[in-house]
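In the form predicted alone, a lone chain appears below as structure tokens.
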Amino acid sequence: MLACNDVVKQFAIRRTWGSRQVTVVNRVSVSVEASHVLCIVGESGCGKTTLGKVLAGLLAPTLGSVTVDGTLLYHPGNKAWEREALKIQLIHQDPFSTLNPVHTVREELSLPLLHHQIVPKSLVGEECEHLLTRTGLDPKVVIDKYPHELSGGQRQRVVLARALSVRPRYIVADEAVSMVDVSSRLIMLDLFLEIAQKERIGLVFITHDFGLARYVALEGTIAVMYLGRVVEFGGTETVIHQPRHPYTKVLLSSIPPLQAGDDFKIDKVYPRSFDVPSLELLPPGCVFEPRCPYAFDRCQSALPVLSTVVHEPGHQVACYLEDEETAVV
């Protein structure tokens, strides 16, 4: 299991009059098991990419912990976590910027195989071809090409093949199809899901699009993030069809039907404002209060904590409306 527990990530923001710490991820606890899917959903700037980098072992948390199969990552003085971190691979949003423009596809795939001694040197060429075939590419066509000679979809497949080269147990995909042609998007999503199921890889899929989240994590879980916090968490179908947090409802209101006859229906909910508060100057109570159409006095004074919804095990929400007789249902 890949899990983070009460993770906080802060960055120093420097100004002419000094510097201060800004909390980008605030007390987040999520987890994903092998062959399961966790989607992290939220607007740009909500902290989901930073959380993904913490989960992938690229950023150390300021507070809290990250564990992979029971091993604590970022443990001072313990080099074992570096080997464990290899089990987690991050796929970035832009496949072109993550590939070296002066390396061919063969070189991109060979480097991790040789560096981590995944296979004997004599079998590297054969393994490169196998990785390309697994991700739906014809080795004879692409293996000696450079990134600029490939389409966006082909580049992202190469990035996926490179991630698979080190035999990961978990993949963190950050907006992995946002720069892929629309016509290829569902094909890429199906490829991610097929590989995750066949090879028992845990998939953390980060997106701002609730429609994609629903497609990818149909039988998984969704964590809805807003300004560094998880405001709702639960099984995908539960969160989609029985959203409890007003922010979740706002996001869901923007989803068009995926196909004709889609059974997805929800009452449209619109925010009071489209202006997102700055992380440097958050409101004292609920961070969504300035935009929430249901806000009342209590929301302005205290921050709600993530709590289990009554009669809905596994469904959590951070909203005071759950305590009121006029709860959003």
Partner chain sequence: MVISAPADTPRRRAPSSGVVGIFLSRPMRVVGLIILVLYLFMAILGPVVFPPSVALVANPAKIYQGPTWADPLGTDFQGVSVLAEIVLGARGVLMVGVGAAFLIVIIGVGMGLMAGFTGGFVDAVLMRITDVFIAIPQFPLLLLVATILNASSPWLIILMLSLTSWGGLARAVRSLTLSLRERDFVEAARGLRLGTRLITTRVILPNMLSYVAMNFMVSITGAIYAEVGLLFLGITPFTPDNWGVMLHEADGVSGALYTSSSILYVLSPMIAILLLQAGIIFVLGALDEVFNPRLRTGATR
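From a predicted model like this one, the values you see are computed outputs, not experimental measurements. Numbering follows the first chain given and starts at 1.
Beyond what is shown, the protein has a form predicted together with its partner chain; the following relates to that form.
J.: Taking heavy atoms and a 4.5 Å cut-off, does Leu90 contact its partner chain in the model of the complex?
T.: Although its partner chain is absent here, Leu90 would touch it in the model of the complex, with heavy atoms inside 4.5 Å.
J.: Looking at the partner-bound form in the model of the complex, is Pro112 within 4.5 Å of its partner chain by any heavy atom?
T.: Heavy-atom contact with its partner chain at 4.5 Å: present for Pro112.
J.: Using heavy atoms and a 4.5 Å limit, would one call Glu82 a contact residue for its partner chain in the model of the complex?
T.: Residue-level check for Glu82: yes, a contact with its partner chain.
J.: So in the model of the complex, does any heavy atom of Ser97 sit within 4.5 Å of its partner chain?
T.: Output for Ser97 is yes: heavy atoms within 4.5 Å of its partner chain.
J.: Taking 4.5 Å between heavy atoms as the contact cutoff, choose which of Glu219, Glu149, Glu126, Asp181 touches its partner chain in the model of the complex.
T.: Going through each option in turn, the one that passes is Glu149.
J.: Could you check which residue among Leu191, Val166, Val119, Ile240 gets a heavy atom within 4.5 Å of its partner chain in the model of the complex?
T.: Looking at Leu191, Val166, Val119, Ile240 one by one, just Val166 meets the 4.5 Å heavy-atom criterion.
J.: Report the stretch among 292-300, 63-71, 50-58, 267-275 that approaches its partner chain in the model of the complex to within 4.5 Å, counting heavy atoms only.
T.: Careful reading of the contacts points to 50-58.
J.: At 4.5 Å by heavy atoms, is each residue in Val102, Asp144 and Arg155 next to its partner chain in the model of the complex?
T.: Yes.
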